[in-house]
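What follows is a single chain, given as structure tokens, in the form predicted alone.
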């Protein structure tokens, strides 16, 4: 019972919270333009920051896209470094407006090598205003350290419940100063985050980019829906496994009670002679089975939540997941109620057997 409910709980938490997180992390973006490769990889790395980029694109070519008449807004981002596994993102100040972010303290950057840190970054790394830190090359904290050019924290963001809480933001010039020379023609960025002036551009603009340039345009909503569809199949398999385990637990309760009754039938008959009614014995056996079900299912819920919290705490990807509004509680409660209703029905079989027990025959045979 505990194992089955634990698996169901973890499956529901991961499934629903992942959907909610993907939804919150996309602030209404229509497209992402980046180097050719996997469109899903481009979306995951540029918006949700849980994958590596497909490569870099020329900033000169990106400026042509920014000036395209179909584009309402375009925000460049440049990835490549991290600090304690939190990604350092080179961008402009429009990036903050995407998530309606506000500063708890300090200001935004005004020159290169100044940084604004997300709420979780400040909380976990203990970075504060006017503190210095150095980035490591790569998106995981195992690369070479850029000790020659430290960043200075000039601002700390309020909690948004989005991926922004786990990012370190700086100017594009900061990233370029660490990774490129002063030749403006060779400047590169990772991707562009786009919003269209008109939704009809979602059909024509990606085709223009994908066929007419060495870049690609990916739709965040389309790619994430494909991903959730794939993971949904995996979740169904896990759910089937948990249902099988639950069925085995119900059979376990049934046979345990039946064996228990057979071993105690003389004792139960004696209780009848001492004044216990049929309904009293019925309720005793029912209570035994329901205690197993209720306690087991409750512990399973607790274990499931603890397993999820462990995944959330120890995983780098898990830092991008927020618990949100706890919308999953209704589903968990419904499952808990359903499991215990089925357990109640299961327990009725041995209870009815006890209720119909002939005490005269039982005592004579014993």
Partner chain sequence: MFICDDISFDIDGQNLFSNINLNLKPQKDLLITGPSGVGKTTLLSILCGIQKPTTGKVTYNNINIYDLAENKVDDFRGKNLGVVFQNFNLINSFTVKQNLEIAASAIGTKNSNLFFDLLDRVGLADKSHLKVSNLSIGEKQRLAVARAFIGEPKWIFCDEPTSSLDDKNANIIINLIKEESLRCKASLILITHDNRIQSLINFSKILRLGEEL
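All of these numbers come straight from a predicted model, not from anything done at the bench. Positions refer to the first chain, counted from 1.
The following text describes the form predicted in complex with its partner chain, which does not appear among the structures shown.
Candidate site formed by 245, 255 and 342: none of these residues places a non-hydrogen atom within 4.5 angstroms of its partner chain in the predicted complex. In summary, the region of this chain contacting its partner chain in the predicted complex, judged by heavy atoms within 4.5 Å and restricted to 205 to 213, 89 to 97, 279 to 287, 247 to 255, corresponds to 279 to 287.
Although the partner is absent here, residue 230 lies well away from its partner chain in the predicted complex, with no heavy atom inside 4.5 Å. The closest heavy atom approach of residue 266 to its partner chain in the predicted complex falls within 4.5 Å.
Residue contact check for residue 241: none of its heavy atoms lie within 4.5 Å of its partner chain in the predicted complex.
Taking the partner from the other structure, its partner chain in the predicted complex has no heavy atom within 4.5 Å of any heavy atom of residue 146. Checked against its partner chain in the predicted complex, the residues 271, 104, 129, 124 give one hit for a heavy atom within 4.5 Å, which is 271. Along 332 to 360, a non-hydrogen atom within 4.5 Å of its partner chain in the predicted complex is carried by 355, 359, 360, in order along the sequence.
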